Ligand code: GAL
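The chain that follows stands alone, in the form predicted on its own, written as structure tokens.
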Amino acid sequence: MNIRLFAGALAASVSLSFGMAQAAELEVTHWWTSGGEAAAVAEFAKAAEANGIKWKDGAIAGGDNARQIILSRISGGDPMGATQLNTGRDAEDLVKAGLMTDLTPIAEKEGWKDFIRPSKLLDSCTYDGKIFCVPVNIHSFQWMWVNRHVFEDNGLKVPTTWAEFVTEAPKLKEKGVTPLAVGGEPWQINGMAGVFQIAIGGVDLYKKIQINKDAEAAASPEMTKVFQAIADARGLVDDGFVGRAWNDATNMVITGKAGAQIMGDWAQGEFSVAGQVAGKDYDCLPGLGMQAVLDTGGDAFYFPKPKGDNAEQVEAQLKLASLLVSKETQVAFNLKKGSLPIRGDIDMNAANACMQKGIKILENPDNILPSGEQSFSSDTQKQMEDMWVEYFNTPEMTPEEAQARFVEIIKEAN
């Protein structure tokens, strides 16, 4: 090759490489900022970088705060390359407005419908027959985390159900230990209420309310028992719960300052970072040890349409979407996150005892329930959240008063 042709080829090569490098950079927003969450999201970043996509991390602390910023940026014409949201109806309006990249081509090419389970997860990403997000895990709030040493060291029975926990709770108080670690952020209180609804009220009650929007079920004696149980739980928390972050509440359990916490399975990431061993240092009780079911929410990634519908940016988005559901990435991410994978065709033998419990529960489709994010619109979710927070923070409010408000919300729910 003569020098002129060589120079021309080199210039073209450099130009192409530079263009691809620019196009392959994706700003990725999410609210995974705790120790366990940061370790998990690093696995996604590692997979992206290894496959030629520059991961520009855009972590935003606090789920509620992050969600508002994320949705506002997209609707305001300042889209990121990819963003985490809950698997559900968070981005419904943006999808309808045509602001999200259609993932259907890559989903059909790779057969997502054949391996993503349960099917409700992909259904939550589907609008008008097209797929606009990719589920990356199965999260459930239906867990209670118990510090075994707190009970054993104080000569108490390690509880296996909520009823046993309530029996031992006064004895913990006498020992100067907070029985129940709670974080006062609205989503935490709302999520905890959903756990009581299943554990105390029963699966049928939950289905009637969550799926059928049944106001009579919301007004039933079974639901009254749920409100009473939450009122009882108010007496088991410490005075510092208001505004406490969820991972700070988890740390109270890890360090023995509290006996237990009702929190989603993402808490496992914190136990893992702290070197805690499931079944030895802590126990996990699905459905408060009373209902071995899971509400299958979780996290999904959406890919906002880039400015000018940049084809190379869209190509990078589709490539990242593919990586997020790949077998290797699913294993690495979920082992760190403490969540369950969206694939049933991968080797999870390295999962700890609590994750194995969750995997076993998922084997029976009857054990899988929709989460609040999948059942209700953002507006209805916010109304419920406000009601549960006021009830938990207001001991003077009776179960009957709170239930009457709940019934009105369900009547108008969408």
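The structure presented is a predicted model; accordingly, all values stated were derived computationally and were not measured. In this text, residue numbers run from 1 along the sequence as written.
We do not show the form predicted in complex with the named molecule, though everything after this point is about it.
Contact with the named molecule in the predicted complex, defined as any heavy atom within 4.5 Å, is confined among 26-34, 344-352, 376-384, 48-56 to 26-34. Taken together, N86, H139 and K337 are fully in contact with the named molecule in the predicted complex: each brings a heavy atom within 4.5 Å. In the predicted complex, D283 stays away from the named molecule, with no heavy atom inside 4.5 Å. Shown alone here, W187 lies within 4.5 Å of the named molecule in the predicted complex, counting heavy atoms only. Contact annotation: G81 falls outside 4.5 Å of the named molecule in the predicted complex, judged by heavy atom distances.
In the predicted complex, the named molecule stays beyond 4.5 Å of every heavy atom belonging to F196. A heavy atom within 4.5 Å of the named molecule in the predicted complex is found for exactly one of F132, W266, W143, F151: W266. The contact with the named molecule in the predicted complex, taken as any heavy atom within 4.5 Å, belongs to G298 out of P159, G298, G183, G191. In the predicted complex, W246 is the single residue of 219-252 with at least one heavy atom within 4.5 Å of the named molecule.
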